[in-house]
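Take a look at this single chain in structure tokens; it is the form predicted on its own.
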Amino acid sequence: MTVLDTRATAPDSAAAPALAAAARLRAVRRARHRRTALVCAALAVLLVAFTAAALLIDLNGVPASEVLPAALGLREGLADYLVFQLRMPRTLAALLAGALFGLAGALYQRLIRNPLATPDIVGISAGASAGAATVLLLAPAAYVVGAPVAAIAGSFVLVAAVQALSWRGGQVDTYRLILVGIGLSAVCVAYTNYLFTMAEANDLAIAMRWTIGSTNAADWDGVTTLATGLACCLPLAVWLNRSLTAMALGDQLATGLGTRVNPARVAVLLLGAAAAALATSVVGPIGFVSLISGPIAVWLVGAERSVLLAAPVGAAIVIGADVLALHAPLISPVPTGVLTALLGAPYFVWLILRRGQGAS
């Protein structure tokens, strides 16, 4: 009887460490799910608060009870003009463009595994700006349709050029990619400035404000462009996130796990470029949003889930900056890109100094 008991309990004792490890793993997963849910709820509250502030602050002549119906297009007169025609497009453009910028930055950072490798740093946004500025200054009548197409085309050209010039030894050299991107970005900026020298005074004033990055001129056509782009980009990002998770382990191991590394890499590059280009075509190259959204998302929920969370983080950054740009004392009104630059430039300098000191 004793022998039988010993044999029966031996497998149980051998399996105890594995069962304990599985229990710990389940506990960690539950904790991650709870943390993600709390972060998403907090971001939702923050976005609602910023949206309400954007619609309500300094809204003279319109009662607060009329704002929601007017935002839905159910009012006429002053309420319709101030809320539905002016503030709603600007607010929605800030939210949608911020989400696209954040998504684009997180895709590039996870793919290249470098926090500096974002569309605005490696020149993709500059290429999109050059394409959109070409249509804005040379064919303004076709801007609504032509600017997004030209911006995407310009960003894709920059993607191909940066990839080709940074390829070394059968793979992309990250250090060279960043340097090449900065150099090509300077070329695109020079081209855009050349276009400004040929522009009429009225077109030049609009273009200069757009180049800094501003939601001031956003309209419902631009909101439609951004909403369509985000609706297309988010499902593709969800689909590619699994490949990015595998590629974070290294190309060889990712290939062993069944990931088609090269097609996935090209798809991520083009998707990030398209997202940044669509946002740029409507609100201009609002700087540093794609740089800081991804790291904030990683800090909040970890790298594996950061790509999708970077979209609401970017939306919160842009809508928050837009509220401050429009209503902050002493400095307002200023373009939204001015405030994001004030936030992002110190982080960019800190990041370079930190990496220069050898920190991981």
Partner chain sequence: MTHPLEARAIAAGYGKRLVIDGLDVQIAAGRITALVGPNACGKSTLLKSVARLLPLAAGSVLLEGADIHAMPTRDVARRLGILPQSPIAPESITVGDLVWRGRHPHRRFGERRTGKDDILIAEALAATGTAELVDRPVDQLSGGQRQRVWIALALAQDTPTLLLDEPTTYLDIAHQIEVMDLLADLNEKAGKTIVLVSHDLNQAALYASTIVAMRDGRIIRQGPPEEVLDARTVAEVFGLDCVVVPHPRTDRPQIFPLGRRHAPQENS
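Residue numbers count along the first chain shown, from 1. As the structure is a computational prediction, the values presented were derived from the model and not from experiment.
Only in words, not in the display: the form predicted together with the partner chain, which the text now covers.
**Student:** Going by heavy atom distances of 4.5 angstroms or less, which of 163, 228, 174, 255 would be at the interface with the partner chain in the predicted complex?
**Tutor:** Looking at 163, 228, 174, 255 one by one, just 255 meets the 4.5 Å heavy-atom criterion.
**Student:** Which single stretch, out of 24-32, 322-330, 42-50, 289-297, brings residue heavy atoms within 4.5 Å of the partner chain in the predicted complex?
**Tutor:** Heavy atoms within 4.5 Å of the partner chain in the predicted complex occur in 24-32.
**Student:** Since only the chain is shown here, I'm wondering whether residue 250 would be in contact with the partner chain in the predicted complex (any heavy atom pair within 4.5 Å).
**Tutor:** Yes - in the predicted complex, heavy atoms of residue 250 and the partner chain come within 4.5 Å of each other.
**Student:** Any of the heavy atoms of residue 85 lying within 4.5 Å of the partner chain in the predicted complex?
**Tutor:** Contact with the partner chain, no.
**Student:** Taking the partner chain as it sits in the predicted complex, is residue 246 near enough to touch it, meaning that at least one heavy atom pair lies within 4.5 angstroms?
**Tutor:** Yes - in the predicted complex, heavy atoms of residue 246 and the partner chain come within 4.5 Å of each other.
**Student:** Is residue 260 a contact residue for the partner chain in the predicted complex, using a 4.5 Å heavy atom cut-off?
**Tutor:** Within the cut-off, so yes.
**Student:** If the criterion is a non-hydrogen atom within 4.5 angstroms, does every one of 17, 238 and 242 touch the partner chain in the predicted complex?
**Tutor:** All three within 4.5 Å in the predicted complex.
**Student:** Suppose contact means any heavy atom within 4.5 Å; which members of 176-208 contact the partner chain in the predicted complex?
**Tutor:** Result: empty, none.
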